[in-house]
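Below you'll find only one chain, the form predicted on its own, shown as structure tokens.
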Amino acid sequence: MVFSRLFFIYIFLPVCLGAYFLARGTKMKNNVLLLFSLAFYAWGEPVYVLLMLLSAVINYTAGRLIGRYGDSRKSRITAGLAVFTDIALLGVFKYSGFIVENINHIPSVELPVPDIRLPIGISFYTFQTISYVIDCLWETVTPQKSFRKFLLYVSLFPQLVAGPIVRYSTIEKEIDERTSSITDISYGLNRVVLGLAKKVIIADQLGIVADSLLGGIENATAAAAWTGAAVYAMQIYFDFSGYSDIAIGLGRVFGFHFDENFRHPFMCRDITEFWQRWHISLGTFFRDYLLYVPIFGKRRKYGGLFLVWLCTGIWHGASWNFVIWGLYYGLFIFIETLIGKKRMKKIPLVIRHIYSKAVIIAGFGIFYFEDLDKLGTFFTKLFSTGRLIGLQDRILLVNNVYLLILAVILTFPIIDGIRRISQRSAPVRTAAAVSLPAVSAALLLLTSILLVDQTSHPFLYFRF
């Protein structure tokens, strides 16, 4: 099931909310959420519910065993086996075809390429279970004794299929005891509408522009290549941050407080800061669980950095362009690490912004082109000379100028700024309180109208 569908907005969600708030006590509310979460996943992946249940059983059992063994060699072996199993399951379903295709490039080797459909959300819930097992081993969380509660953590539908990656420690206490105030419900529903608007009104429309500019990359000009990649970067941002808004908003309605996943990443002054603002749950996962992993028996600063960015690329998909994409960003972060924070700050701010945006835009070009030949053509076009932009591309941009201006404006913290001002000014706070419901209703109406005739536009991170 997809959030940006009228069935979810007007049938599934209202029924779920009605059942949830009619239920008495946290136990019954958890049962309602678990039932609807399993139904949500089974709607599109009925067979792969069993795979998610298997993952939950393995990691729940590992947590209980670690809790029983305490700080011992048995606990470390148990955690290692659980993490290995998680990665193996992810590898089989997500990367087996990619691995076999590359093996077949060896002369005289021709293995059948497995055609396995990727289970939606497997990258997200796998990383959640891995973090849970490691946190149990490190004794930063208490192993969950109830399988029902653990399964709720794994399958919680607001963030199940496209994140953010929610750690068990974030909602450990709220699984057992939480409340949903009127303020929480109002904030959550408004944020859900905002996320839907980001997806349907902005991201999907930007996607049309990006595909038009990049789809014929062989005939594109340098300006079209740069503009197309920039538009695609904004499409990814509004699509993925929109999903995160919906997840965080739904979580708040149900009494859960998920961490933020985006903090206006295009305001960054360098690439290191970009990744502190972009897909925060993935970046902090790799920082906490992979960066300091011993390599050949010793923690190696730059070796750990390479491993993190290699895995960041691989996590995004079974294709070489994603591997290149991860190492590409890793290279710039490596360079910035060598320069050092103090010397980076001495570089004029304008130059830092130009540098970071150029790197980011080119990086999303890598993200867009899975075909390496077209990727090579894209980079050739970035630095080509000649006419600035073709007539058709110029007409396309003129016809979408208001969309592009709106998208650029909304990459800045406009809403956060209004919220801060309202906290300091009673008149602004009153005006915001009165206008917010009307604005949300208008956005929901416009989103619904666009969804009536819209063809399928799933969230882009579903495939990761």
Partner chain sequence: MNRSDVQKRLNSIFCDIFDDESIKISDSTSAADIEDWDSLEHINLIAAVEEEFGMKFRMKEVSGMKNVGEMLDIICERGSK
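Here the structure is a predicted model, which is why all the values come from computation and not from measurement. Residue numbers count along the first chain shown, from 1.
Beyond what is shown, the protein has a form predicted in complex with the partner chain; the following relates to that form.
**Request:** Heavy atoms, 4.5 Å, the partner chain in the predicted complex: which of 333 to 341, 89 to 97, 256 to 264, 317 to 325 makes the cut? Say which one.
**Result:** Only one stretch qualifies here: 333 to 341.
**Request:** Answer for Asp71 alone: is it within 4.5 Å of the partner chain in the predicted complex, judged on heavy atom distances?
**Result:** Yes, contact at 4.5 Å.
**Message:** My question is simply whether Lys345 lines the interface with the partner chain in the predicted complex - judged by any non-hydrogen atom within 4.5 Å.
**Reply:** Residue-level check for Lys345: yes, a contact with the partner chain.
**in the predicted complex, Ile116 touching the partner chain (heavy atom, 4.5 Å)** = No, Ile116 stays farther than 4.5 Å from the partner chain in the predicted complex.
**Message:** Residue-level contact is defined here as any heavy atom of the residue lying within 4.5 Å of the partner chain in the predicted complex; does Trp138 satisfy this criterion?
**Reply:** Within the cut-off, so yes.
**Asked** Out of Tyr355, Tyr292, Phe147, Phe379, which one falls within 4.5 Å of the partner chain in the predicted complex, going by heavy atoms?
**Response** Spelling it out, the residue with a heavy atom inside the cut-off is Tyr292.
**Request:** Using heavy atoms only and a 4.5 Å cut-off, determine which of Arg178, Arg269, Arg287, Arg277 is in contact with the partner chain in the predicted complex.
**Result:** Only one listed residue qualifies here, and that residue is Arg287.
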